[in-house]
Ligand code: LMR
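A single chain, nothing else alongside it, follows as structure tokens in the form predicted alone.
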């Protein structure tokens, strides 16, 4: 009897030992559609994380605000309700890291080459490190793209912006930008933009083309001006306590997955914006036009003073470090 009991216990212990461990779960929440650069890159990271860790990590992706909306997600990450986010860079100002609003400055990047000098250089690294005091660990920057204006009327001249209600993210820089144009900035969660445009609560918005197309904003906006006046990107962030608690080897494998996902995300962002611009034009619902050199220069001259106005909030030294990295001279217009 005792022998049978002993053998049963040993068999149970052996079975328990042989049972596979539960994977580490990373809940990755974001607010855009699946078929966007960020949405597809999140799924790429999900796949590579599983492959590189041999199934020890399972990334659960929650797109399109299905788990948390813009205003809720960073607090949820700090509390540990989710483990990973990809918020737009404007979102870090409201949680006390105003330096990230430097990415909102109009015309501070001429092109992707200038952008890379910042996001992949010392400036980008130092910015990500500033998140640690907020319980966050910054892993990478992902592009969405350069922004165009969609509106209910043509936006070619500066006077076209006056009195226009334009949706913005919660950013003091974006607020100042719109006011410099004489427009009326309206802070609104991304998930609320389409119905607000449809109802006329706001008359315009600024977004990369992939956001305009995938959110069907072109169906309720008659005009799109290809101004490329600002940049919209994301920082991939994790809960610092969760990240620091991962086994060292797992963390290394996830960092490799993130490097691959970042390269994929940034390549895809350029491709997707080009493809969606062609689709948007083919849809025939919206007049799409590029500004002339003179029109864009007038817009630039109206907006560059925002850089100086925001020095006290963002930091003069940070702005100057970007000028230096990109060889930008705001006085040479």
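Residue numbers count along the first chain shown, from 1. Bear in mind that the values here come from a model prediction, so they are computed numbers and not experimental data.
What comes next is about the form predicted together with (2S)-2-hydroxybutanedioic acid (LMR), which does not appear here.
Here the marked residues 32, 38 and 91 all reach (2S)-2-hydroxybutanedioic acid (LMR) in the predicted bound form, each with a heavy atom within 4.5 angstroms. For residue 232, a non-hydrogen atom is located within 4.5 Å of (2S)-2-hydroxybutanedioic acid (LMR) in the predicted bound form, even though that partner is not displayed.
Proximity of residue 177 to (2S)-2-hydroxybutanedioic acid (LMR) in the predicted bound form: non-hydrogen atoms within 4.5 Å are absent; the residue sits far from the partner. Proximity of residue 227 to (2S)-2-hydroxybutanedioic acid (LMR) in the predicted bound form: non-hydrogen atoms within 4.5 Å are absent; the residue sits far from the partner. At a distance threshold of 4.5 angstroms between non-hydrogen atoms, residue 107 is out of contact with (2S)-2-hydroxybutanedioic acid (LMR) in the predicted bound form. Exactly one listed residue, out of 262, 169, 98, 119, brings a non-hydrogen atom to within 4.5 Å of (2S)-2-hydroxybutanedioic acid (LMR) in the predicted bound form: 169. The contact residue chosen from 146, 141, 161, 190 relative to (2S)-2-hydroxybutanedioic acid (LMR) in the predicted bound form is 190, the criterion being a non-hydrogen atom within 4.5 angstroms. Only one segment in the set 130-138, 246-254, 205-213, 178-186 has any non-hydrogen atom within 4.5 angstroms of (2S)-2-hydroxybutanedioic acid (LMR) in the predicted bound form, and it is 205-213. Taking a 4.5 Å heavy atom cutoff to (2S)-2-hydroxybutanedioic acid (LMR) in the predicted bound form, none of the residues in 260-279 make contact.
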